[in-house]
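As structure tokens, one chain now follows by itself in the form predicted alone.
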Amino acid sequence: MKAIHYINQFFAGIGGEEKADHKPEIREGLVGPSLALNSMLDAEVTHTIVCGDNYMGSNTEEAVSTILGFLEGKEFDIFVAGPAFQAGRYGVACGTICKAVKEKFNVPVLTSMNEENPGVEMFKRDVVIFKGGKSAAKLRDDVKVMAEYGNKVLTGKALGPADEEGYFSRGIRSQVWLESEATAAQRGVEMLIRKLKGETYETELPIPKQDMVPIAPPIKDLSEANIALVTSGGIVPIDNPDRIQSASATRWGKYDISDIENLESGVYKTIHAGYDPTAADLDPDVVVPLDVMKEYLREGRIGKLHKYFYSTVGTGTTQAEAARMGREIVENLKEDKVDGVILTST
């Protein structure tokens, strides 16, 4: 049995952000996490594929095509990517290449990500994604879980449902024969009785919980409205005074724009690690459109522009942290009686 492993530039020992544009390459043998995978998997990891996270994100079609070309003519029974932990770009890269390899070569593909990784929502219906740790401290644990499942796949052993195996549900329902031979009616009545007694029970058809946000009423007259600018695109003063993290942010910044007409290059920049910063650094207004809003203000299209803009970073940021920062920013907006917010991303 043979396996091929995909990792990013950081885990290959090439470098961090400064090497995130590293082009795809394939190496014979083991590199970084491949050592752990090879020691646990009932297959030999014959090759390791390395690609920079930024390169995969900015040149997806080319990167995927190159990697699939590497795999042409190679013998492999399983393809493993990551683990990606909470690293958003890495997670998206792992999901992207796993999906492409599965469709092209029809082999089992596995990866692992933390539940907060955006790659989970993007690819969990197409790829087996195991529930991983937040950081590389969990590397061996995450690799072990993937390897144990991979060994079952390679040897043809019976596979359990997603919650038993430890990966995110893909929404696939399969018919199985229960050892108890209890009918659906019997099982339903048993669950109902447990519920009425206040006992614990587990439904066979879980309904995902949705965080429903009510739609705000429309602004009746923009010419009298107070509008604010908020961004998750990481635009900050050049020295990043609030030390907002470039990924997995827990901080946000508030910057006075009352006396300026636009965000000048060299005075403002983006510290966001999830997209190519070139355009945003050359003209920060492409992310936070202050120039256009000031023009609208002069033309009377809006009544007032809130004197501050607010900024943080979205990539890898947990839902809990994003919600907390949102609540904190809203308190500032309420103080100035803001009527509407233009929320920009990347």
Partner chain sequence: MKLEIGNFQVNDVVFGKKTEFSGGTLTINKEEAMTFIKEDEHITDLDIVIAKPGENTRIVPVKEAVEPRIRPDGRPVFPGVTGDVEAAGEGKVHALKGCSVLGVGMHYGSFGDGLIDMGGEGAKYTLFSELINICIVADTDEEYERFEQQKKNTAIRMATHRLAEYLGNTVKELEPDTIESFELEPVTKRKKEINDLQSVVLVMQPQSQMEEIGYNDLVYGWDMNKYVPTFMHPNEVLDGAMISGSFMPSSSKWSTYDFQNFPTIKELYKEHGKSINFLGVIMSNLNVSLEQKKRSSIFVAQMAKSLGADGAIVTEEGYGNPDADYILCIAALEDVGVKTVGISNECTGRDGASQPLVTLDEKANALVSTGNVSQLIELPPADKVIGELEALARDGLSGGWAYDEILGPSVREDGSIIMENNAMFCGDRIAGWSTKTMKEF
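All figures in this text were calculated on a predicted structure; none of them were measured in a lab. Rigid core (definition): largest C-alpha set, two forms, superposition within 1.5 Å. Residue numbers count along the first chain shown, from 1.
Although it is not shown, the form predicted together with the partner chain is what the next lines describe.
Ok, 135, 169, 155, 265: which has a heavy atom sitting within 4.5 Å of the partner chain in the model of the complex?
Going through each option in turn, the one that passes is 169.
Which listed residue (216, 260, 176, 238) meets the criterion of a heavy atom within 4.5 Å of the partner chain in the model of the complex?
Contact check passes for 176.
Residue 223, heavy atom within 4.5 angstroms of the partner chain in the model of the complex:
Residue 223 lies outside the contact set for the partner chain.
Interface membership of residue 181, the partner chain in the model of the complex, 4.5 Å heavy atom rule:
Contact with the partner chain, yes.
Would you please decide whether residue 210 lies within 4.5 angstroms of the partner chain in the model of the complex, comparing each non-hydrogen atom pair?
Contact with the partner chain, yes.
Hey, in the model of the complex, does residue 103 get a heavy atom within 4.5 angstroms of the partner chain?
Heavy-atom contact with the partner chain at 4.5 Å: absent for residue 103.
In the model of the complex, do 35, 39 and 139 all put a heavy atom within 4.5 Å of the partner chain?
Judged in the model of the complex, none of 35, 39 and 139 sits within 4.5 Å of the partner chain.
Spot the stretch among 186 to 194, 70 to 78, 246 to 254, 269 to 277 with residues whose non-hydrogen atoms come within 4.5 Å of the partner chain in the model of the complex.
Of the options, only 186 to 194 has residues within 4.5 Å of the partner.
Yes/no, residue 199 Cα shift of 2 Å or more between this form and the one not shown with rigid core fixed:
Yes: residue 199 shifts by at least 2 Å between this form and the one not shown.
Rigid core superposed: residue 159 CA moves 2 Å or more between this form and the one not shown
Not so; residue 159 is displaced by less than 2 Å.
Once you overlay the rigid core, does the Cα of residue 176 travel 2 Å or further between this form and the one not shown?
It does, since the residue 176 C-alpha is displaced 2 Å or more between this form and the one not shown after the core fit.
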